[in-house]
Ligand code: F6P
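One chain comes next, on its own, written as structure tokens: the form predicted on its own.
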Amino acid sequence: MPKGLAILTSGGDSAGMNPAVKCAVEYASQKGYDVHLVYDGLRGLIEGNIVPSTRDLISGILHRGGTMLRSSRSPQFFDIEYRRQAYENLKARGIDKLIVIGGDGSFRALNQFYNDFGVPFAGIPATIDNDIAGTDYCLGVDTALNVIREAVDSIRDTASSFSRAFVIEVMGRHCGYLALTSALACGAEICLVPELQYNLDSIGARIKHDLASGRRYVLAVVAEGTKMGDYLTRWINDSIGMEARLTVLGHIQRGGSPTVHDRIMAYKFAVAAVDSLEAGQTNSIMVFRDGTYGHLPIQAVADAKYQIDASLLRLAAPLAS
């Protein structure tokens, strides 16, 4: 009798989810699994929106951003009766293993599901915030960084043309990884992230000195978690005396065709996820650390706090002072 496995995407969408779905389906099928697809994330588990995977369903999705399986945030999944309904839906289809592509909230939900009904799962980290503990990389980050880079490079054209300052607010929830990395890659003069203390007096003195020395424009990259986008824009206008504009990039950062790096990472994570289930792992999260691939138990991921690489923080520190 074929082994049953279902794949779902959950939480915020990110580029790389579709390549991960495609590879997981193909590799699991090679391993003899009867593969199903769950539409609409955790809500789809509850509502039984589960279909057998076919070649047509996963054909032509490699280059698409977002998730063709769609996603949802389902408060109902916190209720044991709804989780029981999800379990019955899987049981009726002969599915006894899951792969979830998402963030730590999705992993916690599936871990509770495992504790309730013993359905093992493998988690693939996918969030542009790059804020999952235990892994240096999550699917979608490289694509998001390239979207930000292109936007900042375009904004620089206008900034230099009008000798203005531009504040660019990027996503990341409470994590400053996107802002910090983008500021370094794009040559920003100011970077504010939750992980670094900033000193506006020091920043102001530095920028005024640069302007007196011939600088014609200023770029500032701010993480949404600092809640400083509006304030910094007004501060540049009032304290430095330079005309400033705020650009909030918003959800454009989540979309776009996955970069080569995200596609390859998706393949490697997907293969690792299937292999971990084959090896009898029950609730492991795939991770990439210090250049190597592996997996960690959910507790090691959920109970730890993600920390940005200290070397990146040192590189960006001068931009906050």
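Here the structure is a predicted model, which is why all the values come from computation and not from measurement. All residue numbers are counted from 1 along the displayed sequence.
Note that the form predicted in complex with the ligand isn't included here; everything after this is about it.
Would you please decide whether Gly134 lies within 4.5 angstroms of the ligand in the predicted bound form, comparing each non-hydrogen atom pair?
Result no; Gly134 lies far from the ligand in the predicted bound form.
Taking the ligand as it sits in the predicted bound form, is Cys191 near enough to touch it, meaning that at least one heavy atom pair lies within 4.5 angstroms?
Answer no; every heavy atom of Cys191 is more than 4.5 Å from the ligand in the predicted bound form.
Should Ile128 be classed as touching the ligand in the predicted bound form when contacts are defined as heavy atoms within 4.5 Å?
Yes, contact at 4.5 Å.
Is the gap between Val152 and the ligand in the predicted bound form 4.5 Å or less for some heavy atom pair?
No.
Though the ligand is not shown, can you say which of His261, Arg64, Arg254, His36 has a heavy atom within 4.5 Å of it in the predicted bound form?
The residue in contact is Arg254.
Here the chain is shown alone; which of Ile203, Met171, Ile168, Leu90 has a heavy atom within 4.5 Å of the ligand in the predicted bound form?
Looking at the other structure, the residue within range turns out to be Met171.
Looking at heavy atoms inside 4.5 Å, which stretch does the ligand contact in the predicted bound form, given the options 171-179, 106-114, 207-215, 137-145?
Of the stretches listed, the one contacting the partner is 171-179.
Residues in 72-87 close to the ligand in the predicted bound form, defined by a heavy atom within 4.5 Å, in order
Residue within 4.5 Å: Arg73 only.
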